[in-house]
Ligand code: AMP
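One chain comes next, on its own, written out as structure tokens in the form predicted alone.
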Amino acid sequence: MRFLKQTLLFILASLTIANCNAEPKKSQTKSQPYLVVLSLDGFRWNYTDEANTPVLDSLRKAGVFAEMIPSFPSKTFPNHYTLATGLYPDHHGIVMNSFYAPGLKKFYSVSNRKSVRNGILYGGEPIWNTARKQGLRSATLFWVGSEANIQNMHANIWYRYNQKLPFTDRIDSVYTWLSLPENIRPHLIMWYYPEPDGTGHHYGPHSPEVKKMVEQLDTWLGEYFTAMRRLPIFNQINFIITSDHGMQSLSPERTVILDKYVDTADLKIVLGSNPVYNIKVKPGKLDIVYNALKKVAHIKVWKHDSLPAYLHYGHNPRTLDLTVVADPRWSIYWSGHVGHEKGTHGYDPITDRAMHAIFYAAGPAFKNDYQEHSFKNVDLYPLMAKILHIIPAPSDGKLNEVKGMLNPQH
């Protein structure tokens, strides 16, 4: 029965996705394009190598696939907002899942929903605002930043975060929005699901549990595309399935306890989580703390304004005095706060390929059966703007890096 179910899903997905690249009717060629972007949190670029994923495999055949390189730190909130704005975290200000903004004297944390909804903490222009400013309706479902009043606006449709909302209910929401009358129908939709990130943290990226979750997500994606196929506008929709970062394996044998090397009495603020932290030290203690951490094996530490240029990080005042990151597969904790997770992310994405995320795309704007070279996630913003025929706001992304995946006829 399981094999029959998977086979049916594969056939449905193949039929569905093949139509993504069908030529639109002449009456549709001048219509405003549609773009639906789904993020699957923590979906590592090569998870499909270890799982049975017929829907994603067929999507790859019918469209475009690439490894996408997240920005540093390879954490959820900085990278989801980078995907939306095309700006590095240092430039849009969401520099970590938790941070302190000295200029505003405000703390931000993913667990503090009031701070998450405070638009003053977000820089740059998210794509849903870019679309609205140019007369294009947009909708978001739980994307980072979408709850905040940024530039005195939201997407036309948005909701407060509810992690418990089932994947199938989220599909129903997208289907309902795309079924609205044309004058109120969103042409840009960005939605989010928190897996397989949670499973990867708890069990590790190579665990049977992650394999099972990836296969479950693939099943839900089959339901998603089957629902989309029922829409009269299906042939006009461009689909992107992506993620914010990958996942790396951990072991308790590869752990550094930072307060074995520094006196916490010298520290004023410590924000972040394994394997990366930003630290503000007390006056006169910077060199003492820095020199102590420089001697610790399996970590790297930089003073503000001195990080390697390729990281595009450490100039924003919100990164504080020091940035500390563990070497790949190593953990850094503080006494009394040692975690027991078997997987994590946040490492340097240039030196640790396990941080890389997925990028699948199909639809009239994309080539089919095409593999793009790996690209930086800042390049997604200008790509989305190009697909939607809107003018992008200034960003760190470069359309030239990804335009090879686009169908020249569109």
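Throughout, we count residues from 1 along the sequence that is shown. Note that the structure is predicted; figures quoted are calculated from it, not measured.
Below, we turn to the form predicted together with the named molecule, even though it does not appear here.
At a distance threshold of 4.5 angstroms between non-hydrogen atoms, residue 113 is in contact with the named molecule in the predicted bound form.
Contact annotation: residue 67 falls outside 4.5 Å of the named molecule in the predicted bound form, judged by heavy atom distances. In the predicted bound form, residue 139 stays away from the named molecule, with no heavy atom inside 4.5 Å. Interface membership of residue 41, defined by any non-hydrogen atom within 4.5 Å of the named molecule in the predicted bound form, is confirmed. No residue of the trio 52, 60 and 215 has any heavy atom within 4.5 Å of the named molecule in the predicted bound form. Listed stretches are 191-199, 302-310, 99-107, 318-326; the contact stretch with the named molecule in the predicted bound form is 191-199, by a heavy atom cutoff of 4.5 Å.
Of the residues given (289, 144, 258, 276), 144 alone sits with a heavy atom within 4.5 Å of the named molecule in the predicted bound form. This chain is drawn without the named molecule; in the predicted bound form, the residue among 161, 203, 177, 220 with a heavy atom within 4.5 Å of it is 161. In the predicted bound form, the named molecule lies within 4.5 angstroms of at least one heavy atom of each of the following residues of 68-83: 75, 76, 77, in sequence order.
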